[in-house]
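In the block that follows, a single chain appears as structure tokens, in the form predicted on its own.
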Amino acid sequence: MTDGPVRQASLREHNLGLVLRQAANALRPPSRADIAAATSLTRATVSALVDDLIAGGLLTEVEPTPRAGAGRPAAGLVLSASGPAGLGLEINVDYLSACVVDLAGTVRHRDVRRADQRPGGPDQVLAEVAGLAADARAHAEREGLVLAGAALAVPGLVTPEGVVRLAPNLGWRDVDVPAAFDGLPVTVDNEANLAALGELHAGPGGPASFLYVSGEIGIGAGIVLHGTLFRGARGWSGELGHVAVRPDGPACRCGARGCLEQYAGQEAILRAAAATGTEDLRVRAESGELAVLGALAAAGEALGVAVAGVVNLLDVEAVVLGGVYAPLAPWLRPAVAAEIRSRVLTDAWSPVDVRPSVLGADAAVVGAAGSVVRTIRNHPARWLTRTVS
């Protein structure tokens, strides 16, 4: 489907989005005339739409780039740095985080609080996250930003209504998350899904189809096919951590045996390496400590076995190592890639790229905030209606 003007009842709504995306995706700030030429809209129509987008805080004009030749250069248009923004929140087993992302995708605020979230239970954890959200809102307001909404990343099975059906590593079951946020519209999604979306939109040149593997205490996966997140029939795809790599292996928190998390989850790797944390693991790996290198190689082998099955099934172009796997990628990648080479039928003709996440540990929370911002960029008329009303 081409991104062009339409002639129907939704004309203005569509063309507002078209003009905003032209400004957002341009390599240099385009003028109104540039947008008219690129979209085939008339200059008068573009000018009226731009005026609406500026009044709504979505676009701003910047000084024109000097140019040679006669005539006065026209002002350029860029996404506003002081308009609506998205709030990203994340709950994970051993930390909580929040970030604010402006309309251009720039992170304007970031807060991480590290602590084991398992003892507190859902009510306490959600109260702490609400406090993080309040602090982030105050920071955004000091910078002249208006929070358009929030998205929360959770390591578990989430319904479209935001109910966490099961988060085995947190010990949660049937938790109504949005009910805990009074007055702030919050959408809830699986953390690996939001991280995959963050990775997809992190910059040009990335693969259109990839498997994002979120390595934390649990292991989740976000599946992106042809530039679209694949959620499965009920929205619960991506539970890579509970794929059995050894059916007779140790018991998992989910109730099964031999799950990938028991061999390549964060706690499993730290235990095998006798390490105190991810940073300790990385430092000792850099120094070439054999026990640590062996633990990482074993984790990479188990991860590669599970990932190879996904590649055989879905034919993705790349595997992205995220979460704690990102800083450990230099030592995990060789074993993962070796398993893919030996197990994926098509590897000889279409090798799979194994790469670290661009966003690293922030992928889920940045992806959450970015999902709010992208809704505005894709449907600016909805935001303009809110600002008028």
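One rule holds for the numbers: they count along the sequence shown, beginning at 1. Source: prediction; values computed, not measured.
Absent from the display: the form predicted in complex with a further copy of the same chain. The rest refers to it.
- Proximity to a further copy of the same chain in the model of the complex holds for all of 233, 244 and 309, with the criterion being a heavy atom within 4.5 Å.
- With a 4.5 Å cutoff on heavy atoms, residue 352 counts as touching a further copy of the same chain in the model of the complex.
- Mapping the unseen interface onto this chain, residue 199 falls outside it, with no heavy atom inside 4.5 Å of a further copy of the same chain in the model of the complex.
- Residue 168 belongs to the set of residues with a heavy atom inside 4.5 Å of a further copy of the same chain in the model of the complex.
- a further copy of the same chain is not shown here, but in the model of the complex it comes within 4.5 Å of a heavy atom of residue 256.
- When a further copy of the same chain is considered in the model of the complex, only one residue from 163, 112, 146, 314 comes within 4.5 Å through any heavy atom, namely 314.
- Of the candidates 209, 187, 278, 80, 209 is the one whose heavy atoms come within 4.5 Å of a further copy of the same chain in the model of the complex; the others do not.
- Comment: 234-242 is the region of 103-111, 292-300, 234-242, 117-125 lying near a further copy of the same chain in the model of the complex, near meaning a non-hydrogen atom within 4.5 Å.
- Taking a 4.5 Å heavy atom cutoff to a further copy of the same chain in the model of the complex, the contacting residues in 201-228 are 209, 223, 225, 226.
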